[in-house]
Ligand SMILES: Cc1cc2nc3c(=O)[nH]c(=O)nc-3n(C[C@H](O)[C@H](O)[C@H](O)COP(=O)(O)OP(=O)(O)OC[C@H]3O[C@@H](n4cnc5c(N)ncnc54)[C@H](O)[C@@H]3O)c2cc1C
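A single chain comes next, written as structure tokens; it is the form predicted on its own.
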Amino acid sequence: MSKKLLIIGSGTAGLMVANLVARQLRGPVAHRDIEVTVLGERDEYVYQPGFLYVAFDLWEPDSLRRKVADLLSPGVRFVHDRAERIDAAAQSVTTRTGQTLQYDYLVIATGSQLNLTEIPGLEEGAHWFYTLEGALRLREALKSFEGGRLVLSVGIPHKCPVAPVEFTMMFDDWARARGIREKTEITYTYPVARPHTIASVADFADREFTARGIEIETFFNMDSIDAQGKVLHSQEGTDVPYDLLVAIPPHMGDTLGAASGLAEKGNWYPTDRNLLRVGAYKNIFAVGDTTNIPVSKAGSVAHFESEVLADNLVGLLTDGREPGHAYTGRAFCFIETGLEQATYISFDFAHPPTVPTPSRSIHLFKQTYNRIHWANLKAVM
């Protein structure tokens, strides 16, 4: 009887795990001794880091899209459907259309989603760039922006932790290039005592923002937005008026976990930070944004976790070998510091990051990576 690996989610983590396993087990997968199935409610993959560039009219949406089927290795089955419930006891997943998919090993890679209802007035009064639709709407708002008060306000938790810092510095550059910076005020708000949760990034942002004349408002947790009066209210009692508000909405996990009795607060799966196992289950794993692991919810984290998990799954699928590879918290994030310069951070559980001096070469390196990301997904790099 064949061994069945079922992966829920057709985003970065789900595709990478499927492709890495399928390439390492090319023969058994081809002969159906091992079945690798990806179950995803979206049949189109969209490269989310590109949303930031769409907002500034630097990229077009079509460059961000690929069909999921075109990104999967030979032998990987794709089921275009939504997972509605995981039955851990029966080792099965029920879908929206009534299918029941069995598994020997399950990988949950359902990512995260915007929680737009937590902050009253958010949908009516704010823009964001965390969805393609939001980025396109923001692009139109920026085209008509001729000066005034731009406010960038951050809700937590959220994925792509450095993206708010990136947007703020890119907007500063963009306003200067358009000749409207002198009549534009920029305010950046953050929920804790510094402008980022990572100390080195906070120090870097503090220096850069101060040098650029960007106002920082800390201890600012978004409470509500008066869309008509254009005022942002905080839980701490601070009011910030705006002409254009760009918000980073708080995120939450997919509802599948709660419906299955597997997820905890925020719909995040309780995940072993090294072996990526969910709770006490030895055959259920979580990877990418959907975990509760205390590490950035970012594409690079999904990438490095997927490599570790794929190696462990290969051992489990072939001879039941216990996982011998551990995820170490590795992450790597580029940080655009304007329209033509960038820096980066690299870190893991044991080593906090430093922030190198921004340069054009790092910016070009990031642009190169953006265009070879598809090869990364296919696990050919």
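Start at 1 with the first residue shown and count on from there. Just so we're clear, the structure is a prediction, and the values are computed from it rather than from any experiment.
Below, we turn to the form predicted together with the named molecule, even though it does not appear here.
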Exercise. Within 4.5 Å of the named molecule in the predicted bound form, heavy atoms considered, which of Val165, Val308, Val246, Leu256?
Worked result: Leu256
Problem set entry | Interface residue in the predicted bound form among Leu72, Ile225, Cys160, Ile214, criterion: non-hydrogen atom within 4.5 angstroms of the named molecule | Cys160
Exercise. Do heavy atoms from each of Val36, Asn312 and Leu317 fall within 4.5 Å of the named molecule in the predicted bound form?
Worked result: no
Seminar exercise, completed: In contact with the named molecule in the predicted bound form (heavy atoms, 4.5 Å), from 186-194, 141-149, 228-236, 105-113, is stretch 105-113
For this session: Flag Ser300 as yes or no: does it have a non-hydrogen atom within 4.5 angstroms of any non-hydrogen atom of the named molecule in the predicted bound form?
Result: yes
For this session: May I ask you to state whether Val21 is within 4.5 Å of the named molecule in the predicted bound form, using heavy atom distances?
Result: no
For this session: Would you check, heavy atoms only and a 4.5 Å threshold, whether Glu41 touches the named molecule in the predicted bound form?
Result: yes
Exercise. Does the named molecule get within 4.5 angstroms of any non-hydrogen atom of Asp272 in the predicted bound form?
Worked result: no
Seminar exercise, completed: Within 1-34, the residues having any heavy atom within 4.5 Å of the named molecule in the predicted bound form are Ile8, Gly9, Ser10, Gly11, Thr12, Ala13, Gly14
